[in-house]
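In the form predicted alone, a lone chain appears below as structure tokens.
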């Protein structure tokens, strides 16, 4: 249907009750070379905006073939297109009207270059954009002529201008930046590294609420460490700080950049935009940050590697709790992460449970070992690396006991790294721990993966069969429950949180059948997205979704209090 058809349809319903806008839902309209489709029409002008899809055929945006030759190149190019379209739409001022009348918006991307539903680029150069539109009204009466002007004129002209004025050089640089990060990340394993931070990187952020680079921050220098060299296809050979596989400590005084470096490593699992300061800071994509979380639920987790039999003979083989302690929650988070494929752990002493991390000589003497069910992480760190190949990167400010188990010790001073491994070994020899020294733990017990049961995933709420909604990066409403995801700090974007909710909803729709173990369910979700795109789990035409990792999907599921699991088997 042409743009004239849309204009006529909107003018015909001018002055009618707002509900008549719903006649547009599911229909396609031509806006010159563009095609507009209404995926969702808001119920009234004060409700969440309507969702529309705009398809631009090949050639509308002149995107050179190299920028769409691979899935990663297309992801990067689409990311910049979404940013440019958003900037263009910000110049379209809403007209008068009730509620959200006249709103035109595409979701705002963060500093990460993620697969998003807001903009998708196909191999042939076709583009699909998903936007939010506030259909105009006066009170609850349709302003049809204003809607025709908004959609048939201003939206069409703005999108065509934005797509036809894309800067080829900026697009090429954006794609090259992402391709370099992918290549650097792929080079970590062969180089024996879990992370790499290039010299000149700017790691500090403006604030906890603003992830953009801090103006005036000192760039990373290599004067105190031996440089590692990795090669990127566009930037060439880069020199930087390499974090080796094994056990690495990050030490130093307060406010000198320990946690800043760890946070950069945590988000180095994602690609970043040019100019972010961390676009040459990359990490193993299977690194998982864990924290203590007082009060979280735990379902069927075998805690025996860290917590033995409890008083009164209570087993921890398949541990359940609605209100786990800090140490129990941290133990559970580690075991859950390993269950779904984590190859490395990121732990900050500031957000860890002290009694889970260490047990000093005085406490060992005061409380006999037979009365302490907790095996501290310090007793497992070497075993995790040497027998299971799981690395640990730990920020340590006060627990010097960890010098005894570290392969590398980096000291942060004025946000600059110094390799103090040799000195750390001297200190450890000068001040031996004696009876508090890390001691071999019992062998890590084998446990089958857990099988989530479908009865534990109920997204219904009242008369609504499905109610799932992400709240910033803090929580997910799932049916009648609220899942606290605030401790999952590798959820970098609220759009990922919303997509995690969609993934849980997809599990509840039959994928979780009581037979597939958790790793298999995550494999199935990844396969759906890989083969059919993020839209396949993010139904409803939403343009504000971004792809999460399997680890955060699993972690959100593990924090669902209604979750029920059974042990897997052959």
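Please read these numbers as outputs of a predicted model, since none were measured by experiment. Numbering follows the first chain given and starts at 1.
Just so it is clear, the following notes concern the form predicted in complex with a small molecule, a form of the same protein that is not shown.
Q. 341, 454, 400, 204: which sits within 4.5 Å of the small molecule in the model of the complex by any heavy atom?
A. Looking at 341, 454, 400, 204 one by one, just 204 meets the 4.5 Å heavy-atom criterion.
Q | Residue among 306, 319, 415, 489 with a heavy atom within 4.5 Å of the small molecule in the model of the complex | A | For this set of options, the contacting one is 415.
Q) Counting only non-hydrogen atoms, which stretch in 255-263, 476-484, 116-124, 134-142 is within 4.5 Å of the small molecule in the model of the complex? A) Heavy atoms within 4.5 Å of the small molecule in the model of the complex occur in 255-263.
Q | Partner contact for residue 436 in the model of the complex: the small molecule, 4.5 angstroms, heavy atom | A | No, residue 436 is distant from the partner.
Q. Quick one: does residue 217 come within 4.5 Å of the small molecule in the model of the complex, counting heavy atoms only?
A. Contact with the small molecule, yes.
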